[in-house]
Each structure stands twice: as C-alpha cells, then as structure tokens.
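Shown here is one chain on its own, the form predicted alone, set out as structure tokens.
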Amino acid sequence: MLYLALFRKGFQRMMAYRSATLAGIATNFFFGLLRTYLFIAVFDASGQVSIGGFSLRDAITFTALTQAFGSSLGIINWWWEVGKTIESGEIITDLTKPFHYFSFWLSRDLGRMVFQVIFRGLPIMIVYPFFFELTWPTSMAQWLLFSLSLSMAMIISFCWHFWMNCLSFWFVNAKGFGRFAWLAAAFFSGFLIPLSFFPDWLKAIAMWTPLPAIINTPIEIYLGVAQGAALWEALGLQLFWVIAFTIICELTFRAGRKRLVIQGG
C-alpha cells in the first residue's frame, strides 16, 4: 500500500541522521534539566505541595515528557517542506501524481514522528529516572489511553504544520506565519508550562484552539490529572480536532490549489 510505504520511507529517512538524533537527545535532556530545576525553584519558593493539580514529581515528569516528545510532535522543531514545494513550484509535479496530497504528507510525517518517539523520546524517559523520581501510569488502561491520545496528538500536530504551510499559496514568503505558529504552539499547547498553571481566562482562550490537544491532553492523561468524565471529555475533544482539522486542511489545500500560479508561466 502506497501510504504504508511512505510511512516506512519517512521512518527510514530519519535513520540516516543518527548523529543529529544523538545530538537532539543530548540537547533535549540538557534543557530538560534546566526546566526541571526551574520547577524545583518555583515549588520551593511557593512552599506549596501542589500547584495547579501538579505535585513537584508531576512537574518534573512533565518536563521529561515535553522534552522527550516535543520534537516528534513538532513543537521543538518546525518543518516547512510543503511550503518550500509551493514556493519553488515543485508542487506542480506532486499534483500530477496519483495520490491524495494530504495523505501523502501525513504518511511521511507520521514515519518521522514514530521514529523520534522511539529513538529520541524513549531514551530520554529511560535516562531521566537516574536523576529524578518520575510519575508513571498506574494501570495498563492508562498506558493504552495515553498511547491513543499521543497518536491523535501526532495527527493534530501534523495538521497544524500542514495548515500553516498552505499559507504559501497566498503569500510569497509565509515563514513569518510559521514562526508565529511555532510560538503559539509552544505556549498554548502546554509545552512551556502546564495549562493548569494558567489563569482561568488564559486557559479558556487556549482551550478554544486545537493546540492543547497536542501536548497538554496526552500529558494530563499520562499523569492521571485527567480522570473520569474529564478524561473522556479530553479524548473526545482530541477526536473532534482530528476530524475537524483534517477537513480544514483539506479545504484550505483545495482553495490554495485553485489559485496556484507559477511565476513565469
């Protein structure tokens, strides 16, 4: 099957960058340590056992998880491959090929994400407990729900990137929008700090976007912060964004394709 083959190619492509992967692990772990000690200082200064439903141990685990999976979910790194093909005109060649454009790029990027989860994320989660005590899911069901949530987060993350890339149909250089989108994702996804630390009004704004479904939701499920009805509501909202954002991306791409003009012809 074409899209499965594309997934494998996306996975295998990352295997060619072993040095970059090792450097990424070291860099992510280093910044994870800095963020961990920042949380330790915050808890010490506050004198509180829990902040926003997070214990210090939960907050440390939060830093481990965000540093482990931030790259795979496209928060630490931003990609602009679709935008480049639009800007260069190479997209014309892709449009003549017998495949669904959105699914083509989704399959490739999922291969990249899964590689980074396994070879960049898991090593960090394995090393972190040698330095700090972490919180772990307490049941197989919690592990499975976290895996489901992480899978949906990957699709939503791809949609966020693809949607921003499609702005190249309308702007000569849309990378400025990409930088803004990266900053918005880092903040409103809950990557920098958990959304439960936000003031209520700011958290409400964030929850109107798909961004919390990329980082905040899987982490709250992993930590057991989201339980009962809140857990199923969070998963349901993720599923909504998977469907809605896929439709939005498809409609945006079709609109962009209709107005596509190649310079000089």
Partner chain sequence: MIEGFRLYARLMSAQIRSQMQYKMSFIMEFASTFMGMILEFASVVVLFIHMPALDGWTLAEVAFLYGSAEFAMALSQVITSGFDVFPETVRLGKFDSILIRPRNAMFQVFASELAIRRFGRAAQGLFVLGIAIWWMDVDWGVAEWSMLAVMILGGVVFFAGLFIIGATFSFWTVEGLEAMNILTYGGSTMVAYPMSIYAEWMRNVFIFIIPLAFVNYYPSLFLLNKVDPFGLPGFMPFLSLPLCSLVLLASLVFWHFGIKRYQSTGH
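Residue numbers count along the first chain shown, from 1. Everything quoted here is computed from the prediction, not taken from an experiment.
Below, we turn to the form predicted in complex with the partner chain, even though it does not appear here.
Undergrad: Please state whether every one of the three residues F30, L33 and F197 places a non-hydrogen atom within 4.5 angstroms of the partner chain in the predicted bound form.
TA: Verified in the predicted bound form; spot residues all in contact, yes.
Undergrad: Only one of these stretches, 42-50, 217-225, 230-238, 63-71, has heavy atoms within 4.5 Å of the partner chain in the predicted bound form; which one is it?
TA: Only one stretch qualifies here: 42-50.
Undergrad: Within 4.5 Å, heavy atoms only, which of L95, L183, I126, A141 is in contact with the partner chain in the predicted bound form?
TA: None of the others qualify; the residue that does is L183.
Undergrad: Which residue among L148, L134, L192, L122 has a heavy atom within 4.5 angstroms of the partner chain in the predicted bound form?
TA: It is L192.
Undergrad: Report yes if any heavy atom of S19 sits within 4.5 Å of a heavy atom of the partner chain in the predicted bound form; otherwise report no.
TA: S19: yes, in contact with the partner chain in the predicted bound form.
Undergrad: Find out whether any non-hydrogen atom of F99 is located within 4.5 angstroms of the partner chain in the predicted bound form, and reply yes or no.
TA: Output for F99 is no: heavy atoms all beyond 4.5 Å of the partner chain.
Undergrad: Can any non-hydrogen atom of A23 be found within 4.5 angstroms of the partner chain in the predicted bound form?
TA: Yes, A23 lies within 4.5 Å of the partner chain in the predicted bound form.
Undergrad: Is there any non-hydrogen atom of F177 lying within 4.5 Å of the partner chain in the predicted bound form?
TA: Taking the distances in the predicted bound form, the answer for F177 is yes, it comes within 4.5 Å of the partner chain.
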